[in-house]
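Consider the single chain below, provided in C-alpha cells and representing the form predicted on its own.
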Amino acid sequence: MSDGDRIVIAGAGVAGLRAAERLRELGFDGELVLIGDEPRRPYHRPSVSKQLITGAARPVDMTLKSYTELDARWRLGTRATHLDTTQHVVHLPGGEELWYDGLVVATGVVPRHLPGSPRHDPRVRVLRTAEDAAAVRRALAASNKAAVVIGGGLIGCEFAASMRQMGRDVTLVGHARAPLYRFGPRIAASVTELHRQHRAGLAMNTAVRHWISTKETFGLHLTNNQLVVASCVVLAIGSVPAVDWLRGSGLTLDDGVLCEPTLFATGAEDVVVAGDVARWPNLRFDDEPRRVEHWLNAVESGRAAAENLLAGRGQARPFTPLPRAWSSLYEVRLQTIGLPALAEDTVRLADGVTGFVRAGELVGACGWDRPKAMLYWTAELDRRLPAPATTPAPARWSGPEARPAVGTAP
C-alpha cells in the first residue's frame, strides 16, 4: 500500500489510534481515515470510573497523545452503519459510502443491558464513556443519597472505591459470592475486606427483584429481601462486542469478530481486527478463539493488526501476547497476567499472588498489591508459555524503514 491507497480505521479508541500510529511508523503514505462514534479524540478510558467520576481530572486531561504525526482524517461523532466487504465500502449515516483498500475494525464493546432496569430514567446509568461519567456526576449532584453499583467486577469495584473516596455512601450489588470472585477466593477475600474497611456496602450473591421509583430515589428490592435506596444506580455487568454494524457483511460474528491468529478477519483479505471486539486464537495458549478486554491488549493488538495489514495475509505473523492488566482500588494495586479464565484450579504462588492452573500448567496469575512479585511471575509465565516461533514477515510497504515499536501503554 502506498500513495493513493486508503486505509479506514473503524473505531477511534486506543486500538484504532495505535493502529494508525503503527501504519505511519511503517511508512504507509496513503490516506488514513479514523471513524469514531464519540465526539472526542481517543482518551484514557480506564479513567472513566476513577478520575472522571471523582472530578480529579477533566476529559481533556485524559486525551491520548499520538507518538507520531498521523496526517489522518478524523470522522468523529460518526457511527459506521454497515460494511460491504465485496465492494470494500464502509457505509456511514446519510447514505455516505467510504471505500477502502484496507480496513481495521476496532469498534470495541458496549455496556451490557440489565433486563428489567429502567434505562429511560436519567438516574440509571452505564459507565463506559466520558459522557457517561458526566451523566453519573449530574445524577450524584442532584441528591446526597447513596449510590448503588450493580456488578462485582472491576468497573463495579472501581466505581464503589471512587464513591468512598468522594465521601459518598455506596452499595455494591452482585450475583457472585464476593467482588472479583473470578480471580479466586484469596483475591476476593482481600477485595471484600478492603471494601469493608472503607465502609462500602456489599450485597453479594443476590440480584434485583424489583425497581421502585420515587421522585427523589430508587428503591431496589433484592432477591435476598434486602431493600437498598439510591439516588443513582450504575449498571456494570459486563459488555458485549459492538458488531451490529457488521451484520450481513460476510464476517463471522460470534462473541466478537472471528479472526485468524494473525488478526485477519475470517473470510476477508483486507480486513484486520483489533481491541476488545477481536476474537482470535492466541497460540501461546491454544487454538481456541477468545476475546481479551484489557487496555494493553488493545494497544498491542492495534499495532499488530496494522503491521499484518501492511504485510499482507500471506506474510502476516500470529499475534501471541502475554495478556497483562492492572487496576487500583483505594490505593491498592491489582495485577493480572495470562488468561486466568482458562483455569481449572488455583494455587498460592507467593504472599498475595494467586496462580491459575489448567491441566497442571500455569496459565495466569493475579497479584494483590505485590508489584515486585508480579514482575517475577510475569517473566516466569512468559518462560513457561513461550510464543510459537514464526518467520519474520518481509516488509511490503513503501517509505522509510520501520522505527522501533513503542511497545508500552500510555
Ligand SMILES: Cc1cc2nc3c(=O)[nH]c(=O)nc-3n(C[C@H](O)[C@H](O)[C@H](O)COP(=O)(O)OP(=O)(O)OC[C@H]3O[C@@H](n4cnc5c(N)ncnc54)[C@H](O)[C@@H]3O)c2cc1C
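Everything numeric in this text was worked out from a predicted model, so none of it was measured. Counting begins at 1, following the sequence as shown.
The next section is about a form of this same protein that is not shown, the form predicted in complex with the ligand.
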### Task
Could you tell me which stretch in 183-191, 211-219, 242-250, 116-124 has residues with non-hydrogen atoms within 4.5 Å of the ligand in the model of the complex?
242-250
### Task
Identify which of H198, H294, R313, H175 has a heavy atom within 4.5 Å of the ligand in the model of the complex; exactly one of them does.
H294
### Query
So which of W326, F285, Y330, W74 reaches within 4.5 angstroms of the ligand in the model of the complex, heavy atom to heavy atom?
W326
### Message
Residue-level contact is defined here as any heavy atom of the residue lying within 4.5 Å of the ligand in the model of the complex; does P46 satisfy this criterion?
### Response
yes
### Message
Test of understanding: in the model of the complex, would G338 fall inside 4.5 Å of the ligand by heavy atoms?
### Response
no
### Message
With the partner left out here, check for me: in the model of the complex, does some heavy atom of R164 sit within 4.5 Å of the ligand?
### Response
no
### Query
Wondering, does E158 line up within 4.5 Å of the ligand in the model of the complex on heavy atoms?
yes
### Task
Given the ligand in the model of the complex, answer whether the residues G102, V271 and R317 all have a heavy atom inside 4.5 Å of it.
no
### Query
Quick one: which residues from 20-38 get a non-hydrogen atom within 4.5 Å of the ligand in the model of the complex?
I35, G36, D37, E38
